[in-house]
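Just one chain follows, in the form predicted alone, and it is written as structure tokens.
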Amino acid sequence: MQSLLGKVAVVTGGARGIGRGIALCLAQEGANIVVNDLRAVDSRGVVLEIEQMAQLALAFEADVSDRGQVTALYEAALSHFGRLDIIVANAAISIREPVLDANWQNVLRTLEVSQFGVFHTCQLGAQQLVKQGKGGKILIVSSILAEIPMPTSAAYNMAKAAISHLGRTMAAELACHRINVNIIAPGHIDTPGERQFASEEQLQQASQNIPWGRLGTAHAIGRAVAYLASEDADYITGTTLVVDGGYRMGMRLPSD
């Protein structure tokens, strides 16, 4: 059964990795998708996959750190589909540097996309949902690094902590409009972005320290988002769903 049949979802950073997994899972549940990324050409493969599921999709190029471009994204979504139902604020950037050596421009760029871009996406999307008057779903993709201070990732960690609290704040403010706002906190997920920082051997070694015994997948995050975007999660708001294979619960100890 397609739990999101006929719904319209905007997914930022939807061309690859976690965003791609989210867009495809929402489409599998019957939603029509606006796939946003920095370059529309990067989104076309995802759009094609969605269309092969007999769903509608639109690729839209926008840098979420630019508020005007986010406004244009929503205008295009409304022009194409006529309404919004689901907003997924997923776009992020991570430039890993130790605090002592961090280049300020890299820190600023990380915050502009991963924190302020999420604010623009959520605020402007929420305004449209309130205007429509029929409720809706807002999902924020945060990270377990909102709580775990991974070295060399200070700006990203800061941004993820901030957007998690943004989600809880918006949930409190928007409950009266029947708009659910929830946060997804992925753990160590096997994505193209992660492979920029680690070799296959390093990823395999890391997976053995996760209680579930492997890295997570973008599909697993997509399924979690699809659940929270559905009517089955109608009474859930202001919560964080951790999808990490038990990472936060405790790293696996060496066997005797």
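Just so you know, these numbers come straight off a predicted model, no measurement behind them. All residue numbers refer to positions in the sequence shown, first residue = 1.
From this point on, the text means the form predicted together with nicotinamide-adenine-dinucleotide (NAD), which you will not see here.
With the partner left out here, nicotinamide-adenine-dinucleotide (NAD) still marks one of 169-177, 124-132, 77-85, 142-150 in the model of the complex; by a 4.5 Å heavy atom cut-off that stretch is 142-150. Residue contact with nicotinamide-adenine-dinucleotide (NAD) in the model of the complex: Ile93 places a heavy atom within 4.5 Å of it. When contacts are judged by a 4.5 Å heavy atom cut-off, Gly30 does not count as touching nicotinamide-adenine-dinucleotide (NAD) in the model of the complex. Pro186 belongs to the set of residues with a heavy atom inside 4.5 Å of nicotinamide-adenine-dinucleotide (NAD) in the model of the complex.
nicotinamide-adenine-dinucleotide (NAD) in the model of the complex is not approached by Ala155, whose heavy atoms all lie more than 4.5 angstroms from it. Residue Pro192 is the only one of Gly68, Gly45, Gly213, Pro192 with a heavy atom lying within 4.5 Å of nicotinamide-adenine-dinucleotide (NAD) in the model of the complex.
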